[in-house]
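As a starting point, one isolated chain is supplied in structure tokens, in the form predicted on its own.
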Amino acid sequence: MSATTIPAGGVATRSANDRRALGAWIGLLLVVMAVGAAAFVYQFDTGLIVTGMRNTMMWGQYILFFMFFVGLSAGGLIVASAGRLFGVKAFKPITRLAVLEATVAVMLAATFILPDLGRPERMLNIFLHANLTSPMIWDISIVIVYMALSAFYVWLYARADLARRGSWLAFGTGTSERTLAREERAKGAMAWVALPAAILLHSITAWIFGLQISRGFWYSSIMAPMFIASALVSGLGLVILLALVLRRLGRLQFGDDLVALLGGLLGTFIAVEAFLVLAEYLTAFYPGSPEGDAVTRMLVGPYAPLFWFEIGVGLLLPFAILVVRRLRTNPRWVAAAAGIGIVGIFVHRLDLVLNGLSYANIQLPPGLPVGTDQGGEVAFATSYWYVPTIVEWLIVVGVLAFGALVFTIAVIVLPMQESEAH
């Protein structure tokens, strides 16, 4: 696709080829969304038995993607808010993008909860009969608040440029110096709110796992810090990739010096994540505690390929790329490291869910019923290897297409590059 250009007014102009490519892209996303919606209707009508989840594995791919997108969202907003709070002006060209990425990501995280419920029409019962001591209600509440906060943050950053265009999205407010000064103060105040909210969002998600005393592999005080570190890796990695794509398309303008700065920051986040993973697993494995059995499965058991991929490819490889100054200043190498880091964090989330759930808490025969009919009798098991079904994959891909469509429309409608008046 040929690059678009940004005139002084901030609105991108597109060639006929660009418009055709954009139309084809949106059409493809709509088709994928329709297929995902059909799979969701089928699951709703038939029940969660059409998924790969069973009693021993009550959380699967939907919660996996929920966790992953919560991290993507928190990481993006932390970068945007920290840049404003600490006066890092170099982040200014990507601040709007980071806030938009955070908004779309948390919206997708909330969407992934719906198919996991099985009966989403009963979701209001969570609030009508809320158990305020449950981390689940904490998490759902902070997701809703965070989503509203992020959406307002996006509008606040884009409102002045929308007003200059005469867009109704500016809601009639002007562009006087007094108005702009007031909005700059509001952006600063929002940064003070958004940064702790992003940290709290991922911390509460981590506490859903870390506060379960019956799950030794999860029950750890380091769970929340490790979730934050991984969110910084995946969130910043996605912002880097999106920024480079939008720069190529002409929707953003920034120099390679910013890419090198972001690459160095990403390398630091990866190092912190690797240290926390080492501290967590060493503490469980070295003294021979019962939780060490789960770590042993990670090292040499059925989960070993995933674990060593996470460590060798997902953490060490991107760090090795970014620690080399010559590579860190090359946008292609930084993009490669960012993409690999995102995959590594996803595999880390996968390891967490699989190893934490696939073995029954009390491994006594005959185990737990897994809902598989074998000769008229219900099969029991003390362990269960989870494999997502085609229905789960179609729903997940449909939700991802929905997120891509929302992001695409937002990039078209909202000014991504701040005007010189700012």
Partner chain sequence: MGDKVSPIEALSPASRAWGEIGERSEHPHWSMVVDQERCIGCWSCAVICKSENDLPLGIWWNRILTDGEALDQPNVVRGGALEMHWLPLACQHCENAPCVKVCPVQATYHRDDGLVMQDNDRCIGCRYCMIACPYGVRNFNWGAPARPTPHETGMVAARAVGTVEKCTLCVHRLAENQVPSCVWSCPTGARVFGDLNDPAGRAATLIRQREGYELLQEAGTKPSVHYLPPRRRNEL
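Positions refer to the first chain, counted from 1. Please read all numbers here as calculations on a predicted model, not as lab measurements.
Keep in mind the form predicted in complex with its partner chain is missing from the figure; the text below concerns it.
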Taking heavy atoms and a 4.5 Å cut-off, does Leu354 contact its partner chain in the predicted complex?
no
Verify the contact flag for Gly27: yes if a non-hydrogen atom of it lies within 4.5 Å of a non-hydrogen atom of its partner chain in the predicted complex, no if not.
no
Using the partner position in the predicted complex, report whether Ala186 sits within 4.5 Å of its partner chain, counting heavy atoms only.
no
Test of understanding: in the predicted complex, would Thr179 fall inside 4.5 Å of its partner chain by heavy atoms?
no
Go through 393-401, 65-73, 27-35, 40-48 and give me the stretch that gets within 4.5 Å of its partner chain in the predicted complex, heavy atoms only.
40-48
Contact residue in the predicted complex, chosen from Ile199, Ala82, Ile208, Leu327 - any heavy atom within 4.5 Å of its partner chain
Ile208
Its partner chain: the contacting residue among Arg164, Arg215, Arg297, Lys92 in the predicted complex [heavy atom, 4.5 Å]
Arg215
Interface residues of 331-366 toward its partner chain, as seen in the predicted complex [heavy atoms, 4.5 Å]:
Leu357, Asn361, Ile362, Leu364, Pro365, Pro366
